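A single chain, nothing else alongside it, follows as structure tokens in the form predicted alone.
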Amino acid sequence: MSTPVALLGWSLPAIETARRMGRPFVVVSFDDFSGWAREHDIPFVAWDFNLWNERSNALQLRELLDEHGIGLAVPLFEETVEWAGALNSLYRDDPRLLNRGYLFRNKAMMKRKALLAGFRVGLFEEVHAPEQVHSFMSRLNEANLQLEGEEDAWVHLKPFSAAGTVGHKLLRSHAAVDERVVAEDFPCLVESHLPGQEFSCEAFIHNGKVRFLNITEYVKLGYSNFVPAGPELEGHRARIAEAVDRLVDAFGIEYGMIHPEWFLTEDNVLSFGEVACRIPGGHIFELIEKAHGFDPIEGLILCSDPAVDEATLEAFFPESEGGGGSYAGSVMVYPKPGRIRELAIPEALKEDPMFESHTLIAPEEHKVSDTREGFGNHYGTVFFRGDDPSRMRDLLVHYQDADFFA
């Protein structure tokens, strides 16, 4: 019998996958989902991932999960990574798994580990006040041999443990520090701007070995991407794969998956951005399934289980990691500031042969603020599919700036 698994976080696709696999499971998530779970006969344990104290910790959660015979925890969202690390450290009697959970959740710790492992990273610091952000920017200016009147070095301000672009602020000047940085941002990480094309990898790992490596091409961070990457980026697969292997070894990853982000310059310098240990955002798993023809959630569950054998893994993952000639892409739609009254899908989009579907819904009339932090909330996603990566890239560039609301 397969090891019963705890799915940490509420995800209908993950629930459906576990059921289809016939894998015994229980969902661990906030109590808000308990009613829906009971109604649909979903094994469920209510848990507040935001609390960690003497009465709410991995030992207490394990006691609840023991009633379901659980022997494995799989994190689905950023906020569940250290909980999975804590639980799996108990199930496998390996305290380092908890430390790795913390490593994936703390960006400063993560970058120090990558630096010690020999990866190229940007300059970074932990800061606690706006004055320290100003000082960091000034030191970057000095390091860049800045002349008076030239623009300041760009600084990225990021929370230590938030997912994706949440709380991310790009500060292009000392004036921007004064205008945009607030007390609630601290403590946080600041880092120098890394040049080059940003992209991500999705590496499925079992027994310390990468079993499948997808490369996702970012057209615009937080807006659009496609899978697999175009031939220009895929042409660097060998050195990207070597970097991912080194990352797996350096971070001591044995099971599951990682989602590292990298930067590649025009002169082929590869820099480490950051790495997550959970399902990626930006609909990447959906795109992987369309382009590569396998369910990546099933791949995640299989790779998270030390008991899964080699034959099962070899039969599951495709032989060609670079895809079979089909590309899947998506654009996350953010409304432009101002009053919106209705959904307005461009006719050219509906008639385009690479257009596949969209999840946009006609909104009630309201005003979109022009003072949003980051990108704000996206209102839906447009999906594309085809065999021409250049045209895919052009379509994503075009529609990420289109106005879908009148």
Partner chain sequence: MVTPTDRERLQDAIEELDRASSLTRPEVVGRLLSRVDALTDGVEGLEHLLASMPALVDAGLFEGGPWEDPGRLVPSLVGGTLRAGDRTTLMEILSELRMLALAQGQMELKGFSSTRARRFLEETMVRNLDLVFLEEEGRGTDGVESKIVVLMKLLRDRIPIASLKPGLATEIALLCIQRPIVTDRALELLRLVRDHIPIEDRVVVAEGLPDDGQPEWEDPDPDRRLSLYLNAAFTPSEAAQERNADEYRSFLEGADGETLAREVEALGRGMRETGLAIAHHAHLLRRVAGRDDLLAAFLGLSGSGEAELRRHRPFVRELIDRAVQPELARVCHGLGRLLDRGLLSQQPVRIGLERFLTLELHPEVARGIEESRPGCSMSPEAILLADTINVLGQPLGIGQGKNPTCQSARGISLWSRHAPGKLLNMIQTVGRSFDLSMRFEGDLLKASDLGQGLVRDFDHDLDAVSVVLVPHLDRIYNEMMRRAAYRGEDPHKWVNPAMYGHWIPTDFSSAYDYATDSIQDYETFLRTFYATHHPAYNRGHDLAYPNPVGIFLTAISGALVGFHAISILRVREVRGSVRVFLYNPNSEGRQRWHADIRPTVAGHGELPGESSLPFDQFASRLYAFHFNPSDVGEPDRVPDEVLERVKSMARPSWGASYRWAGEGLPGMGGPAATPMGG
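Here the structure is a predicted model, which means the values were calculated and not measured. Residue numbers count along the first chain shown, from 1.
Keep in mind that the form predicted in complex with its partner chain is not shown, yet the notes after this line are about it.
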* Give a yes or no on whether every one of L12, E16 and S357 sits within 4.5 angstroms of its partner chain in the predicted complex by heavy atom. => yes
* Asked: Of H398, R391, R23, R385, which one comes within 4.5 Å of its partner chain in the predicted complex, counting heavy atoms only?
  -> R385
* Structure fact -> its partner chain in the predicted complex has a heavy atom of only one listed residue within 4.5 Å, and of P337, G69, G35, P353 that residue is P353
* Asked: Taking 4.5 angstroms as the cut-off for heavy atoms, does E125 touch its partner chain in the predicted complex?
  -> no
* To do: Determine whether any heavy atom of E286 comes within 4.5 Å of a heavy atom of its partner chain in the predicted complex, and answer yes or no.
  => yes
* To do: State yes or no: in the predicted complex, is some non-hydrogen atom of L64 no more than 4.5 angstroms from a non-hydrogen atom of its partner chain?
  => no
* Asked: Can any non-hydrogen atom of A348 be found within 4.5 angstroms of its partner chain in the predicted complex?
  -> no
